[in-house]
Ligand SMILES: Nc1ncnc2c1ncn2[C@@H]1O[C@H](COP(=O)(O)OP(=O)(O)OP(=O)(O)O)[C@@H](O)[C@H]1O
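Below sits a lone chain in structure tokens, taken as the form predicted alone.
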């Protein structure tokens, strides 16, 4: 596990490094947002602890950059009480928690331990692979249309080209798998390449393979993914990140239905469904010179567009119940579902990470769920507080401490003044909560 600390105060970096070092995690600590973003790109940490007020790029901008690249990384913001309004903004942008300075190091350590347990359990569930990843869930008109297209294309004997476009987390890979595994090619190879995950200088050898001696490191012949997918499906995820020079070579393969390994002279026949997916606007990429127009039209024979979850809220209940069912099996639990009140909050939430964010939310809740029904008190604080933070400016006045006081008061009311539940929702200890109740003179 990796933890990234971004804070310009050396004493805080050192204290966190000492406290968290006992948890057996690899720690990266830097003083600026720019350094933090660079390390995040390189190391892909599981948890990031970010100071809101940083020199240069501030903590909010760092959070935005992290969320662009990783919807799953746990992000904890730290701030002075005078900057609580920025912490509220960070929660709206996808932060998981925040601490105000000076914070209790033991409470921070306990919070990190809880998050590490969640990450470990999440990885175990992912490894089990029990989910049916070929089922497209939803009743909205847009999803019904996608299902119909996937069924028709998947059962065609004719090899074709499919381009799936949509925001991150909207289920593009699920659709690609549904086309393959629910169709006539289900017993044929399904080969996937994430173009964004492979350095551009290695993409060609991954796709085309190579002959022995083709270059200095080519010690033996290697089949490429194009050859491996023959007769089945080749899925090119994040096609917008494919090297522009490689795009021309791919276009030739798609047009001529044959290719050569790197360093080879023999042409090999290629017959397969080719599915490409992207979260970028390829038309804009064409305008900017990053994507070939002829390749775009070659791939766009069967266009599929995935709608953001916020535009098909009628699917949220079905998706939540589907994920509950899956995690009941994985975790050996018997959760019956979600209450009407909790569902209403979920349906009003923005879900910037789309279905992926929703799935991760259900997974997190299910790991800690003990009751038969998921209720409001079981929801993460960032989802509960979303509605109230949308108009947070209405109650953020000159006294910024009122923001924290208001949040504590509302959470206490929601939990019928149950101290344990409120402390858990707020991510603080009961001792800290009682101290703050006394500090702000909060009463029923």
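Numbering follows the first chain given and starts at 1. Since this is a predicted model, take the numbers as computed values, not measurements.
Below: the form predicted together with the ligand, not depicted.
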| property | result |
| --- | --- |
| Residue 350, heavy atom within 4.5 angstroms of the ligand in the model of the complex | no |
| Heavy atom of residue 78 within 4.5 Å of the ligand in the model of the complex | no |
| Exercise: residue 344 in contact with the ligand in the model of the complex, heavy atom 4.5 Å | no |
| Non-hydrogen atom contact residue 172 with the ligand in the model of the complex at 4.5 angstroms | yes |
| Contact residue in the model of the complex, chosen from 90, 274, 295, 355 - any heavy atom within 4.5 Å of the ligand | 355 |
| Among the candidates 319, 86, 116, 191, the residue which, in the model of the complex, approaches the ligand to within 4.5 Å (heavy atoms) | 319 |
| Contact stretch among 134-142, 216-224, 197-205, 154-162 - heavy atom within 4.5 Å of the ligand in the model of the complex | 134-142 |
| Residues of 326-353 having any heavy atom within 4.5 Å of the ligand in the model of the complex, listed in sequence order | none |
